[in-house]
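The data below hold one chain only, encoded as structure tokens and taken in the form predicted alone.
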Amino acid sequence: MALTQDELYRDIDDELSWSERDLPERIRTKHVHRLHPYLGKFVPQLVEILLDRYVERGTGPVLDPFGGSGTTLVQSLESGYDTVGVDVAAFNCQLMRAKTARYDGVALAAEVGDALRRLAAFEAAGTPAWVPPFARDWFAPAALAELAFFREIARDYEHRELLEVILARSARSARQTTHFDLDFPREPQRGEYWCYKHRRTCRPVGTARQFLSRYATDTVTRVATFAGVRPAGYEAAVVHGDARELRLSGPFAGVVTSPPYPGLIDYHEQHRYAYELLGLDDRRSLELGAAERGTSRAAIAAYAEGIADVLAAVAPALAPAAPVVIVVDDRRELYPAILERAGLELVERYRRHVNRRTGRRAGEFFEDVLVARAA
């Protein structure tokens, strides 16, 4: 007999509800988890506990059909699991590959050092013709020339994808926007402004090379740190595609995932600078839960149908009794019906308190942790 809603909906799980003091930002973004900002990403310590609680080792890899920035993949590797991540967004897949690849640390440091020496000698002489209008609007001329130069020289190196992630991270910081609004900039900021972050008058960034240098050095350090804690013998595979259409072979030991929330974030727009500068494949029309589609009744119904279709496509590839662990803000109580439609049975449900909101947003925020298995 299925559990009642009261039985399923337990009190807040204290083990998964950290304060800022208990789990500060520098710990939440350990090693490669900080290679590039990503709104709405998992806390790696949360993934670590969920893997330990629910996923049996030796029965297959861990799957995340909404791979995002790759937190499940990275933490699965660190915890001793093979892993597979799927995402429809090209930049997300690039992030996942960059974070989970194995690197020759000496060779990587040499390439990054060479790229930075070339950047230091670079003198801007106008903006290349290939640069799209979006980039011309959001970057000062000198910053845009430096970013374009770094993109071109990245192609000369074996570790091009990782260098492009450094480029994207630097581009995010080098945009002409207010310092306190990096997450959701609405329009270019070209003049001085009162900065809520620094409590003084600030002006927009005019160059990018300082960010390229800082983040390149930081990336090499973080990759080396991850290599030191990642056990040998476990690998990650990244699949760029729509999980609703894929037929994954498995068997998977379990799913640990955090699907997009309906109507909250435009998942393409938050990385538009990367898509524009790197010329990445744009599949935004396939992304579930994008803010641009809103929270109308029709949009919510389409979201629920899409999530259910992903989970239904994944279910046949699961090992017997494999768990499907989902972390999501289910304030609309959509997921019981979603799971039923996907052929999954909800067996456990509890809440966690999220210890910090993004950017300047404040207030209490909670997430639901749902555990399901094949019905």
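Each residue number is its position in the shown sequence, starting from 1. Just so you know, these numbers come straight off a predicted model, no measurement behind them.
Not on display, but discussed next: the form predicted in complex with a small molecule.
Interface residue remark: Y267 is counted as part of the site for the small molecule in the predicted bound form, having a heavy atom within 4.5 Å.
In the predicted bound form, the small molecule sits within 4.5 Å of a heavy atom of D242. The closest non-hydrogen atom of T71 lies within 4.5 Å of the small molecule in the predicted bound form. Though the partner is left out of this view, V88 does reach within 4.5 Å of the small molecule in the predicted bound form, counting heavy atoms only. Taking A124, A107, I300, L286 one by one, only a single residue has any non-hydrogen atom within 4.5 Å of the small molecule in the predicted bound form, and it is L286. Distance criterion of 4.5 Å from any heavy atom to the small molecule in the predicted bound form singles out S258 from the list T177, S258, T100, T207. Comment: 35 to 43 is the region of 35 to 43, 341 to 349, 54 to 62, 315 to 323 lying near the small molecule in the predicted bound form, near meaning a non-hydrogen atom within 4.5 Å.
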